[in-house]
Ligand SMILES: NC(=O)c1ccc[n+]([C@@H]2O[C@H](COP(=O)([O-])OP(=O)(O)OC[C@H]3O[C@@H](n4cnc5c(N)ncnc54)[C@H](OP(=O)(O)O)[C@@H]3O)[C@@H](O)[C@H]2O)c1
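Before any questions on binding or motion, here is one chain by itself as C-alpha cells, the form predicted on its own.
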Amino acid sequence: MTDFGLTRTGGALAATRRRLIIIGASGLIGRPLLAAALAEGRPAVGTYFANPAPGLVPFDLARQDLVEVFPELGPDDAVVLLGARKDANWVFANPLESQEINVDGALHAIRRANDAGARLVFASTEFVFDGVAGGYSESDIPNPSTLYAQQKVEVEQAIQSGGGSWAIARTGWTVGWERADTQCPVLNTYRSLLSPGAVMADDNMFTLTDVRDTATALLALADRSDSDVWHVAAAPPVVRTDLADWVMETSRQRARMGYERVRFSDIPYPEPRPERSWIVNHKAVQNLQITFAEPWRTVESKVRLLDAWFDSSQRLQGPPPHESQDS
C-alpha cells in the first residue's frame, strides 16, 4: 500500500497540485480523502449534507449552487464529487428524490465546475456493468441493471460529452477504518455473521479496496489534466463467501459466527443486481503509481479493529444497515 505522497510524472499531469473541493466529505471516502489532502499540505475544503463535522461546509447538492457556496471556484481547483444517495434499495424505492440528488443536482454542480474552469473528479461505481462476465475494463460499455447504476451512467455520459477537464473514477466496495463507516462491507459482514439467519452468496464477486488507497488514487486524478475513465479498485476480486470465511477465520468471535451458503439469485432484491460486476485496475496501477493493498490483508486488519471495538462495546451485534457499493 502506498502512503499519501505520490510522485506525479508524465505529460498528462498538472504542474501544480490543485486545491480540492470535496463534495460529500463526511462520508466513508470523503473523510480520509480530506485528511490525505491536508496531510500533503494541499489546500482542501469539504462539504457535508446530513452529517456535520468540524471544518466542513454545509451543502445541499439538490438545492444549492456550487458557485454560491464557493464563489472563488476556478482553474486551480478540482471538484471531487462524492455526494450521492448510494443505497440501491432506497434509490429504487424513491426514484424521483434520488434523481433530484444523484443526477439533477450532480449535473448542475458539474456544469458550474466546468463554467469556472475547475477540474472534475466524479465517483462512479462498478455497478454500472451487468455482472454477467466480470473483469470489466474502462473500455467496456456499461449496461446497468439497477436504477442507482443507471443514474451513475447518465451522469458519466453527460460528463463525457460536456467538455472540460474531468476524471470518472469507478470504485467497488470500500473498507473504512472509523466507527462512523457504517457502510463498510467488512463491518456489515461481521455483523451479519453474528446475527441469526445470515446468508452469503457463493457466486457473487466484487472488488474490495482499502479506502486509503482510494484516497491516494483520487488525489492523483485531481492533479491530472487529461479527461478519462479510471477503475480504482484492488485486485483480485472477492467472492462473498470468501469474505465471510476470511472474517470468521480472523475474528476472535468466530465461535459465535455462521452463515448459510446460497446462490446470488436466491437473495430477494427489489430489482436485479449484478452478480460479477468487478472491475480491473491495470490502467490505474500502471499510470497512477499506486499499489493497492491485497483484499484479504485489508479484511484481516479491519477484523482486528472490529474485534477490539466488539470487546469494548456490544453495539456491533444486530442486523447490518443496507450496504452501499461505493460510499
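From 1 onward, residues are counted along the sequence shown. Computed from a prediction, not measured in an experiment: that's the story for all the values here.
The next section is about a form of this same protein that is not shown, the form predicted together with this ligand.
Of the candidate stretches 292-300, 65-73, 47-55, 33-41, only 47-55 has residues with heavy atoms within 4.5 Å of this ligand in the predicted bound form.
When contacts are judged by a 4.5 Å heavy atom cut-off, Y148 counts as touching this ligand in the predicted bound form. In the predicted bound form, this ligand lies within 4.5 Å of some heavy atom of F59. In the predicted bound form, I168 stays away from this ligand, with no heavy atom inside 4.5 Å. Using a 4.5 angstroms threshold between heavy atoms, L20 stays clear of this ligand in the predicted bound form. Screening A84, A88, V79, A220 for any heavy atom within 4.5 Å of this ligand in the predicted bound form leaves a single hit, A84. Only one of A123, L187, A118, A233 comes within 4.5 Å of this ligand in the predicted bound form through a heavy atom, and that residue is A123. Every member of the trio G24, I29 and T174 reaches this ligand in the predicted bound form with some non-hydrogen atom inside 4.5 Å.
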